[in-house]
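In the block that follows, a single chain appears as structure tokens, in the form predicted on its own.
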Amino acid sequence: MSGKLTLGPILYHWDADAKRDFYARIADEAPVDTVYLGEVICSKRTPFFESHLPEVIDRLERGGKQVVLSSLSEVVIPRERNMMRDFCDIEDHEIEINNTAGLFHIDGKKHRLGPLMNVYNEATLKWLSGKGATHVTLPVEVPRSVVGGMAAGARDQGVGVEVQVFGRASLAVSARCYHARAHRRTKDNCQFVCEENPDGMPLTTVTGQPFLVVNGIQTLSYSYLCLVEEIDDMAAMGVGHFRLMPQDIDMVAVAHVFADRIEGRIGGAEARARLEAMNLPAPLSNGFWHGREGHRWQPRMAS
């Protein structure tokens, strides 16, 4: 089996020291090929880490990692539009666009498409590749029955295909900050309350069952999406990149499990058992891949 292991951008509001420590460990210990960096969820968080980016990029690249810079997913106010314009002017690293506002500025420049761009079919992918897209990370809700056709279409266009294989699934982003509202604050006066929940703020049903997680303007699954048993299937389809999303857990250990799986050193069942032995704070799910509700776990059928 072949494929590259990637690490998506941190979606949560971790303080600068936590992020620097996290990426230092990733640089030195994690068997990932590519690391995506950048504030994707809230432009107000950007100043907290922006000055540390050169140092972190250098550390990751000295550790043998490719660095790709990720854009905002929500572009609403003039400041954010200016940020997207400046982002699209970056020349020294590959960039990943997560909002269609970027297409206005990209002007044919080579770029990647993030999972929040919502590329759901071959026709859309073909059109976007004509605008300079060289790589796409598919949305988490795209099922197996669709991924195969999209991977074939991408291959025809010379576009790389990436699928998230671990971490909470991003379900929606909104102009409204749920985190602030839950604490009776406004978006403009949030006081960065999202920092209190480094793995997101859980929501429960009226019967007290964990249901979703809120991260500022973003809604995510409560469960951790896990496609470690499906990697053979994806590779056979032509998926060449497998994305881990950072959570407030030992991501180096998670990366080693997936690297061993991709390299064929362990099978799917053993890989899942190793993940479950980590006592993760949320259950695993793979429902979307199998065309079911995303929070469900579909056992692998015996061959």
Partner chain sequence: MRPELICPAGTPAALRTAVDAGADAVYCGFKNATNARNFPGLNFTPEELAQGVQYAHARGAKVLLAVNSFPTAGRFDLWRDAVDTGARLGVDAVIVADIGVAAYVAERHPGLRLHLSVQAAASSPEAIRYYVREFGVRRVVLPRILTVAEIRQVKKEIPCEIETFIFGNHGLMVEGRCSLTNYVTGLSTNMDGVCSPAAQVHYDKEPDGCVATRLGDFTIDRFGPDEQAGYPTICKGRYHVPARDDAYYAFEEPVSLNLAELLPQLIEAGVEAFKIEGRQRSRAYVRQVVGNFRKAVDQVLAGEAPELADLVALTEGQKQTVGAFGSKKWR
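Remember, it's a predicted structure, so these values are computed and weren't measured experimentally. Positions refer to the first chain, counted from 1.
Keep in mind that the form predicted in complex with its partner chain is not shown, yet the notes after this line are about it.
The stretch in contact with its partner chain in the model of the complex, judged by heavy atoms within 4.5 Å, is 142-150, chosen from 142-150, 159-167, 87-95, 227-235. The three marked residues, Thr100, Leu171 and Lys187, each reach its partner chain in the model of the complex, with a heavy atom inside 4.5 Å. Interface residue among Cys177, Leu72, Cys194, Ala133 relative to its partner chain in the model of the complex, by the heavy atom within 4.5 Å criterion: Cys177. Taking non-hydrogen atoms only, Leu116 approaches its partner chain to within 4.5 angstroms in the model of the complex. With a 4.5 Å cutoff on heavy atoms, Met83 does not count as touching its partner chain in the model of the complex; it lies far away. At the 4.5 Å threshold, heavy atoms of Arg300 stay clear of its partner chain in the model of the complex, well away from it. The closest heavy atom approach of Lys19 to its partner chain in the model of the complex falls outside 4.5 Å. Residues Lys187, Asp188, Met201, Pro202, Leu203, Thr204, Thr205, Val206, Thr207, Gln209, Pro210, Phe211, Leu212, Val214 of 187-217 are found to place at least one heavy atom within 4.5 Å of its partner chain in the model of the complex.
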